[in-house]
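Just the one chain here, laid out as structure tokens, in the form predicted alone.
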């Protein structure tokens, strides 16, 4: 799939799509007239994470429409399906790198896929703009050709535990985790945080993503352990199935806390009513008081009858960010360094990055499921007791 369009920096700023530090922009020549910014979008278009890939595609398309409306240099992108599988992600990375056709990669979505693909992108010095892979090793492995938008797991796991303990008053947690880099990373850090907060992890259970569908034995394990809170370190498919099976087994009324990988309609549907009242800590606020954010949310809901996940929001913002910088003179070789020296305002809020490529000063929005739909709680995570971990 390839689409082409374009935007000028002045047009982007007028539309409120983002702002870039002026000093860096003024020092570089304007992007060559007519030269497209060529993006490879790597995401799971099939498999159990397919809704994430679809959100990535929709986010890219939303950005392209805004870019096209402003006019200017062109952008092209092609979608590469990594199926949410690390082995396929490595194969995708090899095809992208060997083709020589792309200036940058936006992706991957799953942490395991990003970690599998990064050695190849690093060897070829291809810049990678990652929206959603939150495992700490994504930016701790020594690669200098990647930045990401989302909040990293070691910080996020602390927040999940703090919300369960401090905001909800739950001291006995049971952790369901995907047995991959993403899920294990969250579990490990969550357990450390729970201990620091005086809580107890009374049970934990892993599963194989894209394979395991029967969680009945885990439901029994968690119930027998006296869990007061289910901590769902997984994607929407397994999270929804787990809650639906818990309800079928008569296990209800237990608080549920999870990451923004649950922020998909399928989570609510698969849970069969059991997602009601659960809490999702999202790396962006879909209800932020921002004209840019609300315009994007409104248009997305109208087009797709769904709340855009962080994948859609961050993908859109990454397309705009990459285009603005490359249109102003960045090259594939300088892009990552230029981003690290940039402050950008987009649909997902304000972003700036540290030397490792992680976003700085981002906080979680707390979303709940109310009357079968996602809704803002307006709450903030009570971080009391986390100082010892920082």
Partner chain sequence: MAMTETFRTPFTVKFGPWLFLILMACLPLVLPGRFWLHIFSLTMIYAIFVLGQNVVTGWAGMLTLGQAAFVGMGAYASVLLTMQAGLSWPLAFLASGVICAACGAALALPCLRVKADFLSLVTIAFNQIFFMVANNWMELTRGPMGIPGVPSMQILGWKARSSSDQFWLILGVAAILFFLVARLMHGQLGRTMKMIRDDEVAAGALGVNVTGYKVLAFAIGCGVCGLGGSLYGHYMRFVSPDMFKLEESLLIMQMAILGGLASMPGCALGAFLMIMIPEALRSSEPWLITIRPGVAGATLVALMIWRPNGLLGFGQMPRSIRRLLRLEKEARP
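Residue numbers count along the first chain shown, from 1. Everything numeric here is computed off the predicted structure, so don't read it as measured data.
Although it is not shown, the form predicted in complex with the partner chain is what the next lines describe.
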| property | result |
| --- | --- |
| Residue 98 within 4.5 Å of the partner chain in the predicted complex, heavy atoms | yes |
| Contact label in the predicted complex: residue 171 to the partner chain, heavy atom within 4.5 Å | no |
| Contact test in the predicted complex: residue 298 vs the partner chain, heavy atoms, 4.5 Å | no |
| In the predicted complex, residue 81 touching the partner chain (heavy atom, 4.5 Å) | yes |
| Contact assignment for the partner chain in the predicted complex, among 272, 248, 179, 166, heavy atom within 4.5 Å | 179 |
| Candidate from 74, 290, 112, 265 lying within 4.5 Å of the partner chain in the predicted complex - any heavy atom | 112 |
| Full three-residue contact with the partner chain in the predicted complex, heavy atom 4.5 Å, for 87, 124 and 184 | yes |
| Interface segment, criterion being heavy atoms within 4.5 Å of the partner chain in the predicted complex, picked from 353-361, 41-49, 336-344, 322-330 | 41-49 |
| Residues within stretch 119-154 having a non-hydrogen atom within 4.5 Å of the partner chain in the predicted complex | 119, 123, 124, 135, 137 |
